[in-house]
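A single chain comes next, written as C-alpha coordinates; it is the form predicted alone.
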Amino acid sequence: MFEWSDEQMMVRDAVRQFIDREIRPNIEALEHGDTPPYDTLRKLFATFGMDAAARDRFKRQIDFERAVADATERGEAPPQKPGRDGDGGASSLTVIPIIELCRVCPGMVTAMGVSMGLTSAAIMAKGTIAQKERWVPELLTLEKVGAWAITEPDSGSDAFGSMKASARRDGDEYLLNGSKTFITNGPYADTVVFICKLDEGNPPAERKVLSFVLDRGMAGLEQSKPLRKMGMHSSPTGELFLSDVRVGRDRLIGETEDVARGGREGAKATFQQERSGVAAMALGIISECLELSVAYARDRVQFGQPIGEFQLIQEKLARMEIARLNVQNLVFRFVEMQAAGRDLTLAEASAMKLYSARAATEVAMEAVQLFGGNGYMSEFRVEQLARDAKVLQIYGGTDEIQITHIAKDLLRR
(Lines give C-alpha, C1' and ligand atoms only; values in the text may rest on other atoms or scores of the structure.)
Protein backbone atom coordinates (compact mmCIF):
# COMPACT_ATOMS: atom_id res chain seq x y z
CA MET A 1 0.00 0.00 0.00
CA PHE A 2 1.51 3.31 -1.05
CA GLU A 3 -1.54 5.58 -1.19
CA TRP A 4 -5.17 5.71 -0.13
CA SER A 5 -7.70 4.11 -2.47
CA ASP A 6 -10.43 6.17 -4.15
CA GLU A 7 -12.95 4.90 -1.57
CA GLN A 8 -10.68 5.83 1.30
CA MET A 9 -10.11 9.27 -0.21
CA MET A 10 -13.87 9.79 -0.34
CA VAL A 11 -14.09 8.94 3.35
CA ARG A 12 -11.21 11.31 4.09
CA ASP A 13 -12.85 14.17 2.19
CA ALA A 14 -16.18 13.59 3.93
CA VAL A 15 -14.49 13.62 7.35
CA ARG A 16 -12.71 16.85 6.44
CA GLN A 17 -16.03 18.45 5.53
CA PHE A 18 -17.47 17.43 8.87
CA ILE A 19 -14.43 18.86 10.70
CA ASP A 20 -14.66 22.13 8.77
CA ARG A 21 -18.35 22.40 9.63
CA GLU A 22 -18.49 21.14 13.22
CA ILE A 23 -15.05 21.48 14.79
CA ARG A 24 -13.03 24.36 13.31
CA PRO A 25 -15.71 26.96 14.17
CA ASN A 26 -15.82 25.66 17.76
CA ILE A 27 -12.10 25.12 18.35
CA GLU A 28 -11.89 27.98 20.86
CA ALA A 29 -14.58 26.47 23.08
CA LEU A 30 -13.03 22.99 22.83
CA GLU A 31 -9.52 24.22 23.56
CA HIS A 32 -10.07 26.98 26.09
CA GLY A 33 -13.67 26.75 27.26
CA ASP A 34 -15.61 24.22 29.28
CA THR A 35 -16.91 22.22 26.34
CA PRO A 36 -16.18 18.46 26.61
CA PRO A 37 -15.66 16.82 23.20
CA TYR A 38 -18.09 13.94 23.57
CA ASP A 39 -21.21 15.36 21.93
CA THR A 40 -19.23 16.39 18.84
CA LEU A 41 -17.64 12.95 18.64
CA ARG A 42 -21.03 11.27 18.95
CA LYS A 43 -22.27 13.42 16.09
CA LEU A 44 -19.24 12.31 14.04
CA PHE A 45 -20.03 8.66 14.76
CA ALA A 46 -23.69 9.06 13.81
CA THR A 47 -22.92 11.04 10.64
CA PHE A 48 -20.67 8.32 9.23
CA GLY A 49 -22.45 5.30 10.68
CA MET A 50 -19.48 4.48 12.87
CA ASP A 51 -21.76 3.74 15.82
CA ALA A 52 -23.87 1.28 13.83
CA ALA A 53 -20.74 -0.36 12.39
CA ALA A 54 -19.26 -0.72 15.88
CA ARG A 55 -22.43 -2.36 17.19
CA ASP A 56 -22.44 -4.75 14.22
CA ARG A 57 -18.78 -5.74 14.72
CA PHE A 58 -19.42 -6.31 18.41
CA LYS A 59 -22.43 -8.52 17.72
CA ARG A 60 -20.47 -10.63 15.25
CA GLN A 61 -17.63 -11.01 17.74
CA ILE A 62 -19.96 -12.06 20.56
CA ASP A 63 -21.82 -14.50 18.29
CA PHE A 64 -18.49 -16.08 17.38
CA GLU A 65 -17.41 -16.35 21.02
CA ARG A 66 -20.72 -17.98 21.94
CA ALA A 67 -20.31 -20.47 19.10
CA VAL A 68 -16.82 -21.34 20.33
CA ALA A 69 -18.07 -21.78 23.90
CA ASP A 70 -20.97 -23.99 22.77
CA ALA A 71 -18.71 -26.16 20.59
CA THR A 72 -16.21 -26.57 23.41
CA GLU A 73 -18.96 -27.60 25.82
CA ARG A 74 -20.15 -30.24 23.33
CA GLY A 75 -16.61 -31.49 22.79
CA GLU A 76 -16.62 -30.39 19.15
CA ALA A 77 -13.98 -28.51 17.19
CA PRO A 78 -14.54 -24.76 17.56
CA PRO A 79 -15.45 -22.76 14.42
CA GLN A 80 -12.75 -20.83 12.64
CA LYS A 81 -12.59 -17.12 13.36
CA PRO A 82 -13.69 -15.06 10.34
CA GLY A 83 -10.86 -13.33 8.52
CA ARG A 84 -10.44 -9.58 8.35
CA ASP A 85 -11.25 -7.45 5.31
CA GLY A 86 -8.83 -8.15 2.50
CA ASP A 87 -8.60 -4.48 1.50
CA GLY A 88 -7.94 -3.10 4.95
CA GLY A 89 -11.20 -1.20 4.89
CA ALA A 90 -12.09 -1.80 8.53
CA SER A 91 -8.83 -0.46 9.94
CA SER A 92 -8.57 2.41 7.47
CA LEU A 93 -12.04 3.61 8.47
CA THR A 94 -10.69 3.94 12.00
CA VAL A 95 -7.33 5.45 11.04
CA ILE A 96 -8.57 8.12 8.61
CA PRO A 97 -10.75 10.01 11.12
CA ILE A 98 -7.86 9.91 13.62
CA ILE A 99 -5.49 11.50 11.11
CA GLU A 100 -7.97 14.18 10.07
CA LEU A 101 -9.06 15.06 13.60
CA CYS A 102 -5.42 15.39 14.67
CA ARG A 103 -4.85 18.02 12.00
CA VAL A 104 -7.21 20.29 13.92
CA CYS A 105 -7.92 19.03 17.44
CA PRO A 106 -5.69 16.13 18.58
CA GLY A 107 -7.18 16.12 22.06
CA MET A 108 -10.47 14.85 20.69
CA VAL A 109 -8.69 11.76 19.40
CA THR A 110 -7.16 11.07 22.79
CA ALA A 111 -10.57 11.31 24.47
CA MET A 112 -12.13 9.10 21.80
CA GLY A 113 -9.32 6.56 21.71
CA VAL A 114 -9.21 5.97 25.46
CA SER A 115 -12.97 5.54 25.69
CA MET A 116 -13.85 3.41 22.66
CA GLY A 117 -10.34 1.96 22.30
CA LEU A 118 -8.42 1.31 25.50
CA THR A 119 -11.31 0.95 27.94
CA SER A 120 -13.39 -1.33 25.74
CA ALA A 121 -10.29 -3.29 24.64
CA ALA A 122 -9.38 -4.04 28.25
CA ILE A 123 -12.79 -5.62 28.79
CA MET A 124 -12.88 -7.36 25.40
CA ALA A 125 -9.43 -8.88 25.92
CA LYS A 126 -10.07 -10.73 29.19
CA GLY A 127 -13.70 -10.20 30.14
CA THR A 128 -16.47 -12.78 30.15
CA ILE A 129 -19.15 -12.65 27.49
CA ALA A 130 -21.58 -11.27 30.07
CA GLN A 131 -19.14 -8.49 31.01
CA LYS A 132 -18.57 -7.59 27.39
CA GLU A 133 -22.29 -7.35 26.74
CA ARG A 134 -22.78 -5.32 29.93
CA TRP A 135 -20.24 -2.58 29.25
CA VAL A 136 -18.60 -2.69 25.82
CA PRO A 137 -21.37 -1.72 23.32
CA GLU A 138 -21.98 1.68 24.88
CA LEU A 139 -18.24 2.34 25.06
CA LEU A 140 -17.74 1.53 21.37
CA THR A 141 -20.40 4.07 20.39
CA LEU A 142 -19.47 6.70 23.00
CA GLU A 143 -22.93 6.50 24.51
CA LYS A 144 -20.86 5.99 27.66
CA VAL A 145 -17.49 7.64 28.28
CA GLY A 146 -14.72 5.30 29.36
CA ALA A 147 -11.47 5.71 31.29
CA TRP A 148 -8.55 3.31 31.68
CA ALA A 149 -6.91 3.91 35.06
CA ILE A 150 -3.39 2.61 35.55
CA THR A 151 -1.10 5.59 36.28
CA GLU A 152 -0.57 6.66 39.89
CA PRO A 153 1.07 9.74 41.42
CA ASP A 154 4.23 7.81 42.35
CA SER A 155 4.35 5.34 39.47
CA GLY A 156 4.69 6.91 36.02
CA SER A 157 6.78 4.63 33.82
CA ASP A 158 7.06 2.00 36.58
CA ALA A 159 3.34 1.37 36.39
CA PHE A 160 3.34 -2.08 38.00
CA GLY A 161 6.37 -1.93 40.29
CA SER A 162 5.21 1.25 42.04
CA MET A 163 1.51 0.46 42.01
CA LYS A 164 -0.16 1.04 45.41
CA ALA A 165 -3.83 0.77 44.45
CA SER A 166 -5.20 -2.36 46.05
CA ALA A 167 -8.02 -4.86 46.12
CA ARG A 168 -8.66 -6.67 49.38
CA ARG A 169 -11.02 -9.64 49.67
CA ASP A 170 -14.00 -9.16 51.95
CA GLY A 171 -16.06 -12.31 51.86
CA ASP A 172 -17.26 -12.81 48.30
CA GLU A 173 -16.55 -9.17 47.48
CA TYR A 174 -13.58 -6.83 47.23
CA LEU A 175 -12.73 -3.47 48.74
CA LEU A 176 -10.82 -1.22 46.35
CA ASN A 177 -8.56 1.59 47.53
CA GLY A 178 -6.05 3.91 45.90
CA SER A 179 -5.66 6.91 43.64
CA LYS A 180 -4.96 7.35 39.94
CA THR A 181 -3.73 10.42 38.08
CA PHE A 182 -3.41 11.70 34.51
CA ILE A 183 -6.53 9.71 33.65
CA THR A 184 -7.95 10.66 30.27
CA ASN A 185 -11.73 11.17 30.52
CA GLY A 186 -11.43 10.77 34.28
CA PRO A 187 -13.67 13.75 35.17
CA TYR A 188 -16.53 12.61 32.90
CA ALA A 189 -16.11 8.84 32.74
CA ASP A 190 -19.22 6.69 33.10
CA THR A 191 -17.19 3.46 33.02
CA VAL A 192 -13.73 3.04 34.54
CA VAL A 193 -11.31 0.11 34.20
CA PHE A 194 -9.40 0.28 37.50
CA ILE A 195 -6.11 -1.62 37.62
CA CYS A 196 -4.73 -2.57 41.03
CA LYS A 197 -2.90 -5.26 43.03
CA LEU A 198 -4.51 -8.00 45.09
CA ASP A 199 -3.48 -7.51 48.71
CA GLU A 200 -3.04 -10.93 50.28
CA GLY A 201 -0.49 -9.80 52.85
CA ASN A 202 2.37 -10.81 50.55
CA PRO A 203 5.15 -8.45 49.32
CA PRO A 204 3.85 -5.92 46.74
CA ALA A 205 6.17 -7.24 44.02
CA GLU A 206 4.54 -10.68 44.25
CA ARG A 207 0.93 -9.51 44.14
CA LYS A 208 -1.40 -10.31 41.28
CA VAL A 209 -2.53 -7.44 39.07
CA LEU A 210 -6.31 -7.35 38.67
CA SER A 211 -8.67 -5.13 36.70
CA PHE A 212 -12.15 -4.10 37.82
CA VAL A 213 -14.92 -2.26 35.99
CA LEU A 214 -16.47 0.62 37.94
CA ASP A 215 -19.41 2.89 37.19
CA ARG A 216 -19.78 6.59 37.90
CA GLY A 217 -21.52 7.30 41.20
CA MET A 218 -20.41 4.19 43.08
CA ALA A 219 -19.96 4.78 46.81
CA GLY A 220 -16.35 5.69 47.59
CA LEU A 221 -15.41 6.65 44.01
CA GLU A 222 -14.46 10.29 43.53
CA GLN A 223 -13.68 11.86 40.15
CA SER A 224 -11.77 15.15 40.12
CA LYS A 225 -12.39 18.21 38.01
CA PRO A 226 -10.33 18.47 34.79
CA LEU A 227 -6.65 19.21 35.40
CA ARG A 228 -4.95 22.16 33.71
CA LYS A 229 -2.14 21.08 31.40
CA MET A 230 0.24 22.11 28.62
CA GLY A 231 -1.68 20.75 25.65
CA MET A 232 -4.48 18.43 24.54
CA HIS A 233 -6.95 20.82 26.16
CA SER A 234 -9.90 19.21 24.39
CA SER A 235 -9.10 15.92 26.13
CA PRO A 236 -10.30 16.12 29.75
CA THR A 237 -7.75 14.67 32.18
CA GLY A 238 -8.32 14.07 35.87
CA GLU A 239 -7.68 12.10 39.03
CA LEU A 240 -9.59 9.23 40.62
CA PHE A 241 -9.79 8.51 44.33
CA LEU A 242 -11.12 5.23 45.72
CA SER A 243 -11.95 4.71 49.36
CA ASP A 244 -13.33 1.27 50.24
CA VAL A 245 -15.23 0.93 46.97
CA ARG A 246 -17.11 -2.35 47.38
CA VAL A 247 -17.45 -4.54 44.28
CA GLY A 248 -18.59 -8.04 43.53
CA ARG A 249 -16.76 -10.63 41.45
CA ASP A 250 -18.96 -9.67 38.51
CA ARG A 251 -16.86 -6.48 38.20
CA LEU A 252 -13.53 -8.34 38.22
CA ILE A 253 -12.54 -8.62 34.55
CA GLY A 254 -12.68 -12.31 33.69
CA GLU A 255 -14.50 -12.98 36.98
CA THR A 256 -11.41 -14.81 38.20
CA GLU A 257 -8.16 -13.88 39.90
CA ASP A 258 -6.40 -16.37 37.63
CA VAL A 259 -6.79 -14.56 34.32
CA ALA A 260 -4.32 -16.14 31.89
CA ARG A 261 -0.84 -14.73 32.54
CA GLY A 262 -2.32 -12.14 34.89
CA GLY A 263 -3.53 -8.58 34.57
CA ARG A 264 -0.08 -7.40 33.55
CA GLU A 265 -0.44 -9.03 30.14
CA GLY A 266 -3.86 -7.50 29.58
CA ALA A 267 -2.52 -4.05 30.42
CA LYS A 268 0.48 -4.53 28.13
CA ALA A 269 -1.80 -5.55 25.26
CA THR A 270 -3.80 -2.38 25.83
CA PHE A 271 -0.61 -0.31 25.76
CA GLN A 272 0.27 -2.03 22.49
CA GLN A 273 -2.97 -0.87 20.89
CA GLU A 274 -2.48 2.68 22.19
CA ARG A 275 1.04 2.92 20.81
CA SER A 276 0.10 1.86 17.30
CA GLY A 277 -2.55 4.58 17.24
CA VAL A 278 -0.01 7.29 18.03
CA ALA A 279 1.44 7.07 14.51
CA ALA A 280 -1.90 8.05 12.98
CA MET A 281 -2.15 10.96 15.41
CA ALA A 282 1.40 12.02 14.56
CA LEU A 283 0.65 11.88 10.84
CA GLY A 284 -2.26 14.30 11.28
CA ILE A 285 -0.14 16.77 13.27
CA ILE A 286 2.78 16.55 10.83
CA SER A 287 0.55 16.96 7.76
CA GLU A 288 -1.16 20.05 9.15
CA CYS A 289 2.11 21.65 10.29
CA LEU A 290 3.64 21.05 6.87
CA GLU A 291 0.64 22.46 5.01
CA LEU A 292 0.55 25.56 7.22
CA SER A 293 4.31 26.03 6.89
CA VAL A 294 4.34 25.77 3.09
CA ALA A 295 1.56 28.35 2.81
CA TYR A 296 3.33 30.69 5.24
CA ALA A 297 6.68 30.29 3.44
CA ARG A 298 5.01 31.35 0.19
CA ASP A 299 3.24 34.38 1.67
CA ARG A 300 5.63 35.72 4.29
CA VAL A 301 8.04 38.27 2.79
CA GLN A 302 11.33 39.23 4.45
CA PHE A 303 14.33 40.98 2.95
CA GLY A 304 12.31 41.62 -0.17
CA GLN A 305 11.35 38.03 -1.00
CA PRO A 306 9.16 35.15 0.24
CA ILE A 307 10.97 33.30 3.03
CA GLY A 308 10.42 30.06 1.11
CA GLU A 309 13.22 31.15 -1.21
CA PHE A 310 15.77 30.99 1.61
CA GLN A 311 17.67 27.72 1.83
CA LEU A 312 17.33 27.37 5.60
CA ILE A 313 13.54 27.55 5.27
CA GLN A 314 13.64 25.07 2.41
CA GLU A 315 15.57 22.64 4.62
CA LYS A 316 12.90 22.86 7.29
CA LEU A 317 10.17 22.13 4.75
CA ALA A 318 12.15 19.26 3.25
CA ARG A 319 12.65 17.63 6.65
CA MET A 320 8.96 17.99 7.42
CA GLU A 321 8.08 16.22 4.18
CA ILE A 322 10.54 13.41 4.93
CA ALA A 323 8.94 12.94 8.34
CA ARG A 324 5.47 12.94 6.78
CA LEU A 325 6.43 10.26 4.25
CA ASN A 326 8.07 8.05 6.88
CA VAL A 327 5.18 8.23 9.33
CA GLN A 328 2.65 7.74 6.52
CA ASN A 329 4.49 4.57 5.50
CA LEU A 330 4.28 3.29 9.09
CA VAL A 331 0.54 3.96 9.10
CA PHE A 332 0.07 2.23 5.73
CA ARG A 333 2.04 -0.78 7.00
CA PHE A 334 -0.19 -0.96 10.08
CA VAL A 335 -3.35 -0.87 7.92
CA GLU A 336 -1.99 -3.64 5.70
CA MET A 337 -1.01 -5.81 8.68
CA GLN A 338 -4.48 -5.46 10.16
CA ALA A 339 -6.02 -6.40 6.81
CA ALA A 340 -3.82 -9.50 6.70
CA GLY A 341 -4.92 -10.52 10.19
CA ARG A 342 -1.58 -9.68 11.80
CA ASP A 343 -1.03 -7.57 14.90
CA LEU A 344 2.06 -5.62 15.81
CA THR A 345 4.38 -7.08 18.39
CA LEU A 346 5.03 -4.94 21.46
CA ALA A 347 8.47 -4.04 20.04
CA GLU A 348 6.98 -3.06 16.66
CA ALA A 349 4.30 -0.94 18.31
CA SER A 350 6.96 0.68 20.51
CA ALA A 351 9.20 1.45 17.53
CA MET A 352 6.25 2.90 15.64
CA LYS A 353 5.30 5.13 18.55
CA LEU A 354 8.87 6.22 19.32
CA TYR A 355 9.63 7.38 15.78
CA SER A 356 6.23 8.95 15.12
CA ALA A 357 6.06 10.84 18.42
CA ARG A 358 9.54 12.26 17.98
CA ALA A 359 8.84 13.19 14.38
CA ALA A 360 5.58 14.97 15.25
CA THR A 361 7.19 16.94 18.08
CA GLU A 362 10.19 17.95 15.97
CA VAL A 363 8.04 18.99 13.01
CA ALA A 364 5.67 21.00 15.18
CA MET A 365 8.51 22.84 16.90
CA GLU A 366 10.16 23.56 13.55
CA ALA A 367 6.85 24.94 12.31
CA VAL A 368 6.79 27.34 15.27
CA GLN A 369 10.36 28.36 14.44
CA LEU A 370 9.51 28.88 10.77
CA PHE A 371 6.61 31.14 11.75
CA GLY A 372 8.89 33.12 14.06
CA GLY A 373 7.04 35.39 16.48
CA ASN A 374 3.76 34.55 14.80
CA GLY A 375 4.35 30.88 15.59
CA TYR A 376 4.23 31.72 19.28
CA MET A 377 0.77 33.22 18.90
CA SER A 378 -2.27 30.96 19.21
CA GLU A 379 -4.08 32.42 16.20
CA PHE A 380 -1.53 30.83 13.84
CA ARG A 381 -2.38 27.32 15.12
CA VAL A 382 1.13 25.84 15.00
CA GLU A 383 1.38 26.99 18.62
CA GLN A 384 -1.46 24.63 19.59
CA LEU A 385 -0.09 21.74 17.51
CA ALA A 386 3.34 22.08 19.14
CA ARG A 387 1.79 21.90 22.60
CA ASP A 388 -0.37 18.96 21.63
CA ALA A 389 2.42 17.00 19.94
CA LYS A 390 4.68 16.87 22.99
CA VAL A 391 2.47 14.51 24.98
CA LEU A 392 2.89 11.85 22.27
CA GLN A 393 6.39 11.36 23.69
CA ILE A 394 4.99 10.86 27.19
CA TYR A 395 1.65 9.06 27.37
CA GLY A 396 1.27 5.41 26.43
CA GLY A 397 4.85 5.00 27.68
CA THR A 398 7.62 7.57 27.41
CA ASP A 399 10.24 7.57 24.66
CA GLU A 400 12.66 6.05 27.14
CA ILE A 401 10.33 3.13 27.87
CA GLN A 402 9.82 2.51 24.13
CA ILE A 403 13.58 2.25 23.70
CA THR A 404 13.77 -0.29 26.52
CA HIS A 405 10.99 -2.44 25.03
CA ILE A 406 12.55 -2.42 21.57
CA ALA A 407 16.04 -3.26 22.84
CA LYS A 408 14.87 -6.05 25.18
CA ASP A 409 12.95 -7.66 22.35
CA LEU A 410 15.98 -7.52 20.06
CA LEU A 411 18.24 -9.01 22.72
CA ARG A 412 15.81 -11.87 23.39
CA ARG A 413 15.85 -13.05 19.78
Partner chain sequence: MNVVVCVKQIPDPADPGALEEDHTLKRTGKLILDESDSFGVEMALQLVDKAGGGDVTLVSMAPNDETSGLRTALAMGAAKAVLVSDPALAGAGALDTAKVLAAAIGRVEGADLILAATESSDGYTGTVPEQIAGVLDLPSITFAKHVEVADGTVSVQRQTELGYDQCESPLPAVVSVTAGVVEPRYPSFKGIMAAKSKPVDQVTVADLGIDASAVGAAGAGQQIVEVTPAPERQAGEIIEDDGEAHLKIIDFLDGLKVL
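Numbering follows the first chain given and starts at 1. Values in this document were obtained by computation on a predicted structure and should not be read as measured data.
The same protein also exists as the form predicted together with its partner chain; that form is not shown, yet it is the one meant from here on.
Checking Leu93, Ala297, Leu227, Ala339 against its partner chain in the predicted complex, a heavy atom within 4.5 Å turns up for just one residue: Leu93. Residue in contact with its partner chain in the predicted complex (any heavy atom within 4.5 Å), chosen from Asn26, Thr47, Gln369, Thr35: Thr47.
No residue in the set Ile129, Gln131 and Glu138 has a non-hydrogen atom no more than 4.5 Å from its partner chain in the predicted complex. The candidate stretches are 360-368, 48-56, 346-354, 381-389, and the one lying within 4.5 Å of its partner chain in the predicted complex by heavy atoms is 48-56. Contact check for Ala14: a heavy atom falls within 4.5 Å of its partner chain in the predicted complex. Using a 4.5 angstroms threshold between heavy atoms, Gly284 stays clear of its partner chain in the predicted complex.
For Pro106, no non-hydrogen atom is located within 4.5 Å of its partner chain in the predicted complex, even though that partner is not displayed. For the chain shown alone, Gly146 is not a contact residue for its partner chain in the predicted complex, no non-hydrogen atom being within 4.5 angstroms.
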